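There is one chain below, alone, in structure tokens, taken in the form predicted alone.
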Amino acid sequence: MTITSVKISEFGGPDVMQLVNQPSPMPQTGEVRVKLTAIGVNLIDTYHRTGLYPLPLPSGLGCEGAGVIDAIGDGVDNLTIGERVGFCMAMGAYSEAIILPHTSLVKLPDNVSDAQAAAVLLKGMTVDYLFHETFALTGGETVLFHAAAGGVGLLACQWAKHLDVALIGTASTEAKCEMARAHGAAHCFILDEAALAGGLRDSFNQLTDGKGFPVVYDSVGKSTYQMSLQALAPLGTFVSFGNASGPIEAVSPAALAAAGSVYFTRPTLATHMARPGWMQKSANRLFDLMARKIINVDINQTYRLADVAQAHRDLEARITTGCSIILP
């Protein structure tokens, strides 16, 4: 029995990804094999592919997916053959099957489809730790959130509205801003050269009564960093959780002081997932919001495994909205 997987042997553009046929792996002690039915596509996948986040080569790609357990190794007594599960932050998801430690999986409720789980787990858990642990929102805040029409952004818009938080978003086009507002953003502004050069300063001052934002959630990176610092309130928090425009080249303590003694933090989902029990609890919080129709998962792009290069091109060109998935 063989499976098809995506592999890279060098870092580079989308074309370095190759489809490879290989024997279907068998789980060892403490592991299970998941037959994948849906695979998530995330910006972090492009960082792994380009080498921005280096991997040992050769390597598989893809962090997120969902499917059905079809083989179980010794020492696993909390999962069964045929059980539906999801995962994120586990390398090698661009495949027809994957071997994972049983502790890396979350059980899926009946009301969450495999496609929804593959599209939402990484992004939804990201919003969870951003809003509840990185800078804990209690309601009533006005916050700035870049890339508000992306996969994480649209979930953040809905979650912020539920928390009674006024989320001020940015996006690359008016159509994307309309989407962010439709999902709960209080306002959304086009992020163009004029905006990056300070063109939104007056609008931000008006929205915050001249006080600045207590927190800026920024997954864009290099191009928005200076703008974000200037938009913060004194003692505010800059949360860097992505590098869509490239990595921030340097963080100067003097610049943080000049911006108002602000805080800079670079959290990762992997750090939170390493905490015992956090992953399933976070997934359950997300699934509860989905069951209550507070959060809807927008799967706006679907690709086949053979079209993975196009999926990456679309994502890097910022022409996607909401979530993208691959069907193996």
Ligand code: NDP
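Throughout, we count residues from 1 along the sequence that is shown. If you're wondering where the values come from, they're calculated on a predicted model, not measured in any experiment.
Keep in mind that the form predicted together with the named molecule is missing from the display, and what follows is about it.
S.K.: Contact check in the model of the complex: K35, G67 and P328 versus the named molecule, with a cutoff of 4.5 Å between any heavy atoms. Do all three pass?
M.R.: Looking in the model of the complex, the three residues K35, G67 and P328 all stay beyond 4.5 Å of the named molecule (heavy atoms).
S.K.: When the named molecule is placed as it is in the model of the complex, which of 283-291, 24-32, 267-275, 55-63 ends up with heavy atoms within 4.5 Å of it?
M.R.: Every other range fails; the passing one is 267-275.
S.K.: So, in the model of the complex, is G169 in contact with the named molecule at a 4.5 angstroms heavy atom limit?
M.R.: Close contact is absent here: in the model of the complex, G169 is far from the named molecule, nothing within 4.5 Å, heavy atoms only.
S.K.: Tell me, yes or no, whether V152 is in contact with the named molecule in the model of the complex, where a contact means a heavy atom of each within 4.5 Å.
M.R.: Residue-level check for V152: yes, a contact with the named molecule.
S.K.: Counting only non-hydrogen atoms and a 4.5 angstroms cut-off, does A147 reach the named molecule in the model of the complex?
M.R.: Residue-level check for A147: yes, a contact with the named molecule.
S.K.: Should S113 be classed as touching the named molecule in the model of the complex when contacts are defined as heavy atoms within 4.5 Å?
M.R.: No, S113 sits far enough from the named molecule in the model of the complex that none of its heavy atoms falls within 4.5 Å.
S.K.: Heavy atom within 4.5 Å of the named molecule in the model of the complex: which of L137, V76, L229, A244?
M.R.: Answer to the contact question: A244.
S.K.: Just give me the residues of 120-136, first to last, that have a heavy atom within 4.5 Å of the named molecule in the model of the complex.
M.R.: Going through 120-136 in order - heavy atoms within 4.5 Å of the named molecule in the model of the complex - the hits are L122, K123, T126, Y129.
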